[in-house]
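First, one chain by itself: the form predicted on its own, in structure tokens.
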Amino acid sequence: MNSQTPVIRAEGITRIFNPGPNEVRALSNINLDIYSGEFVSLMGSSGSGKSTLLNILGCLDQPTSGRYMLDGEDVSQLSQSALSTIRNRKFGFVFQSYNLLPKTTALENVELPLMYNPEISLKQRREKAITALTKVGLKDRIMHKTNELSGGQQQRVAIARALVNDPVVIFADEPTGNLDTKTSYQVMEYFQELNASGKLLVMVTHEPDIVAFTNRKITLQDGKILEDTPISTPKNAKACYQELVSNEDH
């Protein structure tokens, strides 16, 4: 058993929508510990509860009952403004639909999370955003508007935005859902690099080939955890990408 304190601990988390005779029990008594340095995938068919769980862990939603501990602090009972501060300072989010602001530059999109932090000056904000975009290979695209970028580039802008506040956890909801295989492998390569640098990642996906790049698979079914298994040798996304490219060249 892991002796360190989990970054994320869910204790008996239940989430019910429309309480009453037609209630929907999206999650039922979820108990879960996630530790620093893990790369966790949440799997399951549509309606299994994986996105609901991600939303609760990311403080975008609150459980109906149960406790959610983040870094040893009970966040289940915090006010909306306290939750908002946690989301802004401790988390980075990457979504399937990118959630970028249209007609604004890549740089402006990445600066956005830092605008809510009064401790960061305009100059620091710009520097941090440029650094994050450089990390995902978009240094030459920082002044491009989002509608001038490909889907893969837009997802990289979204990853840079998730990184810019140096979060404790990166949450990704179907981050490769709209991307072709080659671009998906590139995104997973970034995620593996982030994980290797010590970042904790929690990702929802329904694609088994994407799960293979993570080091722990949690499968949900009908709002319950069906299985929770470590992946001892995750596939290397960079190698898979290079193999795909070389096959195209032949």
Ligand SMILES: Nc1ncnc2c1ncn2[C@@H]1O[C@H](COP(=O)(O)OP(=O)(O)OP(=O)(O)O)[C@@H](O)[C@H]1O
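The numbering used is simple: start at 1 and walk along the sequence shown. This is a predicted model, so every value here is computed, not measured.
Below, we refer to the form predicted in complex with the ligand, which is not included among the displayed structures.
The candidate site formed by 17, 45 and 48 is fully in contact with the ligand in the predicted bound form, as each residue has a non-hydrogen atom within 4.5 angstroms of it. Not displayed here, the ligand is kept clear of residue 108 by more than 4.5 Å at the level of heavy atoms in the predicted bound form. The shortest heavy atom separation between residue 186 and the ligand in the predicted bound form exceeds 4.5 Å.
Residue contact check for residue 52: one or more of its heavy atoms lie within 4.5 Å of the ligand in the predicted bound form. When contacts are judged by a 4.5 Å heavy atom cut-off, residue 67 does not count as touching the ligand in the predicted bound form.
With the ligand left out of view, the stretch that reaches within 4.5 Å of it through heavy atoms in the predicted bound form is, among 209 to 217, 22 to 30, 177 to 185, 195 to 203, 22 to 30.
Taking the ligand as positioned in the predicted bound form, none of the residues of 213 to 236 brings a heavy atom within 4.5 Å of it.
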